[in-house]
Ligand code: HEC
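A lone chain, given as structure tokens: the form predicted on its own.
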């Protein structure tokens, strides 16, 4: 029986070359130094992608890509289909893990100089995979088709609509019409289920092919330089002297890490559950704050805090600049040192980007997307800001409340967060500056010169001049004497500002 099975196996192997295929892939030689925990992120990313394929196929059996039924199908998965909630949670957390591990892989490759000669195309294919993964994450969030997805897509369409000349055409192509509707969901379903995964599979095949042909990057050693004339010969010589087969020698750590990743996804899915859906999408509810998943939370923080005059410029230039830099990296620094110990600029760049993204991710957890529209009806002006005030200053507090300033600015811990808190605004701005800020606006604050008459501005500024702690004095113009600054009332400053505008 054993001999018969052996003959069958050999007959199959002679025709499909299984042994040769194994030797050329899992059995290929790699530097012994590459069997390190630093080299496990690529395998972890591939495991996450496989989980996404399996769970995505299962979800597609139930999910209905229709504007009228998408939300209800997700509700069915969450509450009626047996273990449907767990399947959705596995898909959601698999996406989160995939993005995080891929970013870790990108950082490791950059710090270890694995983008240098002869692996430039390996890096470029990895960047394309990162962009496709982010595209998968965005389209997957849209398929939840709840309030966050609806208005998040609206924000994405608004950004695309700012492209000169082609903006309207891009939006029409993205939405399948002038509004977000059933055809929009069908298009994103097609992208998420067919187009982007197919692209990822093709690029992964190319990426693995490049890894096999150009080899896994050897562990960077300080002083060991990359030279185009000698590197390939030195690498092949190292494989002959100290190379080990990827399977079973170097794969052990990859398997352990992949197992931990799988356990992490299962644990997060079981403990935290799926994401959404959060509320039926309703275009009439304009007072909403769409929160993206963590991989786009930094972008949400940037856009919510960005001054309006920078929005269009940064939206249309920053993404192309960042993507261009990523593609240009292997051509900017193609040879020389690979060790991060000898490349301080590379290490500092990674730390800087990590800190910036971390800060904006943190700010994105509470940064307001829009004013708190109900604040003026629910947030009363604290009593301590009215006691001991003059009639003019109290009238200013009334203007502050009636003109709904509290929707964007908090006072005493109550109100919106769109603008800075005003508890100590008198210590930051002089009377003249307050008048100009109210009338002319700046940053995200609109100009109120046409919405307030001079007496209202005078009262409002008089009230804001009282907003400081008892131990601090209001800000004043250091170029004038204290007596002149005291004699100049907000009304005079207002008159001068009006003259300036005329």
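Remember, predicted model here, so these are calculated numbers, not experimental data. Numbering follows the first chain given and starts at 1. Definition used throughout: the rigid core is the maximal C-alpha set that superposes within 1.5 Å between two forms.
The next section is about a form of this same protein that is not shown, the form predicted together with this ligand.
- Each of 402, 419 and 448 comes within 4.5 Å of this ligand in the predicted complex, counting any heavy atom.
- Only one of 391, 168, 259, 358 comes within 4.5 Å of this ligand in the predicted complex through a heavy atom, and that residue is 391.
- A heavy atom within 4.5 Å of this ligand in the predicted complex is found for exactly one of 187, 162, 428, 253: 428.
- Screening 148 to 156, 124 to 132, 408 to 416, 103 to 111 for residues having heavy atoms within 4.5 Å of this ligand in the predicted complex returns a single hit, 408 to 416.
- Proximity of residue 299 to this ligand in the predicted complex falls outside the 4.5 Å heavy atom cutoff.
- Among heavy atoms of residue 455, none comes within 4.5 Å of this ligand in the predicted complex.
- This ligand is not drawn, but in the predicted complex it has no heavy atom within 4.5 Å of residue 30.
- Proximity of residue 442 to this ligand in the predicted complex: non-hydrogen atoms within 4.5 Å are present.
- With a cut-off of 2 Å and the rigid core superposed, residue 390 has a Cα displacement that reaches or exceeds the cut-off between this form and the one not shown.
- The Cα position of residue 402 differs by 2 Å or more between this form and the one not shown after fitting on the rigid core.
- With the core held fixed, residue 330 shows a CA shift below 2 Å between this form and the one not shown.
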